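Below, in structure tokens: the form predicted on its own, a single chain.
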Amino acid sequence: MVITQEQIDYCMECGVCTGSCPISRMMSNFSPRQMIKRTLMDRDETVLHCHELWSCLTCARCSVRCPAAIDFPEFVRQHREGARKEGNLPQLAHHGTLQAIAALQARNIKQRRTEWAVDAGRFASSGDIFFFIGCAPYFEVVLKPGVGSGEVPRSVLKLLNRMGIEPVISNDERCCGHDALWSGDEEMFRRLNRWNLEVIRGSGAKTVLFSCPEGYTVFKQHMPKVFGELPFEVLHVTEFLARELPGAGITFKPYQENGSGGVTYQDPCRLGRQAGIFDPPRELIGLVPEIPFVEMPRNRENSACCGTTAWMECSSCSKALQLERLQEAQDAGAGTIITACPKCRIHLTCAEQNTEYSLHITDIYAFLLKQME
């Protein structure tokens, strides 16, 4: 979608966007309504030069409530392209290491991207189902021990193997370009995915599975706009498992609480509000007998963001939002938070360290694998 001047002309200045925004609650100078108003007044250059443009989480809480249906995250994304050209750049997390890794992948470096899989399970070089790994193995290398999300691809591969599926995984896969796209570098996004499309086509895959919501929404929503209709089906792993797992002859052990409290689910912004996938993860959790599932007050369309996006602008504001979410889970009676997004798990786990919280934050695939008979 391209946000045109005509579309933002429909802005009613009702303030629902600003009132819904988690950043606006923490930063008094941040207002989606004011950004649109400045643009409407032909003062677009002030938006391009304001640093607040980079503070937006693009979580879409504003746009799903907007009575004029203005896609504010897309408005932000387009203006970030202009801001980058003007020299207005974001503050990068982890000293820009993860952005540097993506940039190297765009240069077609030789990778050892599947090394983790040698001892994790069985996979193929061609076939009907392609498992798009994403950058989870790199997160594990860069982040503190226990914070990274390397268990995600391992767990997915083991789950698929238990179902009799040996997916294609490839050393030639590249970053999906999500972070480049949302930080105003569409050219890098295009370079990465021209390569990814050729790799997937070469595998003969008819279905591509994504464990990362960001990769999923890139291929589901953004790639067709740039490259046209894709020659394969795009599914999030939770969609695929919710469809196929109940008939796969796999049983689950009854859940043992061990006094730690109930289990709750963190809706990732990209998977939930932006892709509309709310039920499949909950259906999968519900396959576990006797599970004490509880919902946090803010769930589904109203779910709270994990506080950081695209590895940038990780600040005290982000930390406050993350701690608020942990408190919400604890108040709901949960001892375990399950999420279907590697970054949600990373950010909430990082925030919990050195605090009084004792929540177990786990990935849905690792959780299901542990509960299997």
Partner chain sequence: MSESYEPKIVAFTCNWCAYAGADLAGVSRMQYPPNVRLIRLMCTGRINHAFLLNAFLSGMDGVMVSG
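Numbering follows the first chain given and starts at 1. A quick note: this is a predicted structure, and the numbers were derived from the prediction, not measured.
The form predicted in complex with the partner chain is left out here; the points below concern that form.
The candidate spot formed by I169, K206 and L235 lies out of contact with the partner chain in the model of the complex, as no residue has a heavy atom within 4.5 Å of it. With the partner chain omitted here, the record of contacts in the model of the complex names 93 to 101 of 93 to 101, 240 to 248, 295 to 303, 267 to 275, defined by a heavy atom within 4.5 Å. Of the residues given (V288, V142, I165, M223), V142 alone sits with a heavy atom within 4.5 Å of the partner chain in the model of the complex. Of the heavy atoms in R107, some are within 4.5 Å of the partner chain in the model of the complex.
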